[in-house]
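One chain comes next, on its own, written out as structure tokens in the form predicted alone.
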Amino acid sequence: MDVLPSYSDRWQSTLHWQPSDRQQQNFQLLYDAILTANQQVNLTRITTPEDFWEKHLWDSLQGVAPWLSEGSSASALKVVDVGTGGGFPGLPVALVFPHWAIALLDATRKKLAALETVCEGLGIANVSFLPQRAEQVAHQPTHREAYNLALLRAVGPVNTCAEYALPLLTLGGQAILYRGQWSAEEEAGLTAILPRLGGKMVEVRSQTTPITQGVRHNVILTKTERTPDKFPRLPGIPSKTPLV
């Protein structure tokens, strides 16, 4: 198997944190397990060690950078990874914060079944699986307004992401929308619809990826009041017709 780079200096210079030896070993095991599962189910096209490190491990964790320095002393959070796909950002976050409860939500059952096998094989005990659409889960009493933190990476238009995330959050909870480029136009459009969903934008953080020098943005939303029961709308509508 290929060996993941450790890049301690790059972790440190960008996120002011670096994995422990144990965490580095766990990242390697995750990498190996994802590549093995990838032979059966298409989880990711990103398979070289450097790409996997930057685009999956580093990128997943830069979104939760404010908690990294606290490590195991960070408050225990209930987290939902909406549209987890190949398990990112949820699985790297679960490895670094074993006291957080992480729900991986994805409508593609085959992917979640593969990720369940990965977690069983690695002994990752703080992860649960929701093989449904976000529009359905957010109307279920056990999940609605139940999470402290929602993570959404590569899920679709930003207004769609907000409609998926805010109904799942507790009051005061945060959504982190992982984006590449970010424009004033997107920001204006998002800011206009957030009051209808009970949310507001806190900040937009930007990072430069350590190897390829690409640009990443994290759009941070917070839940300020209850989301009206009509949101999210029926399955498929938020993505086909984002709120304006």
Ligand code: SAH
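In this text, residue numbers run from 1 along the sequence as written. Note that this is a predicted model, so its numbers are computed, not measured.
There is another form of this protein, the form predicted together with S-adenosyl-L-homocysteine, and it is not shown here; the text below is about that form.
Among residues of the shown chain, H143 is not one whose heavy atoms approach S-adenosyl-L-homocysteine to within 4.5 Å in the predicted bound form. P92 falls outside the set of residues with a heavy atom inside 4.5 Å of S-adenosyl-L-homocysteine in the predicted bound form.
Proximity of H56 to S-adenosyl-L-homocysteine in the predicted bound form: non-hydrogen atoms within 4.5 Å are present. Using a 4.5 Å cutoff between non-hydrogen atoms, V155 counts as a contact of S-adenosyl-L-homocysteine in the predicted bound form.
Though S-adenosyl-L-homocysteine is absent from this view, in the predicted bound form it lies within 4.5 Å of a heavy atom of just one residue from T108, T170, S128, T117, which is T108. For the candidate spot formed by T84, A134 and Y164, every residue has a non-hydrogen atom within 4.5 angstroms of S-adenosyl-L-homocysteine in the predicted bound form. For the stretch 16-38, the set of residues having any non-hydrogen atom within 4.5 angstroms of S-adenosyl-L-homocysteine in the predicted bound form is empty.
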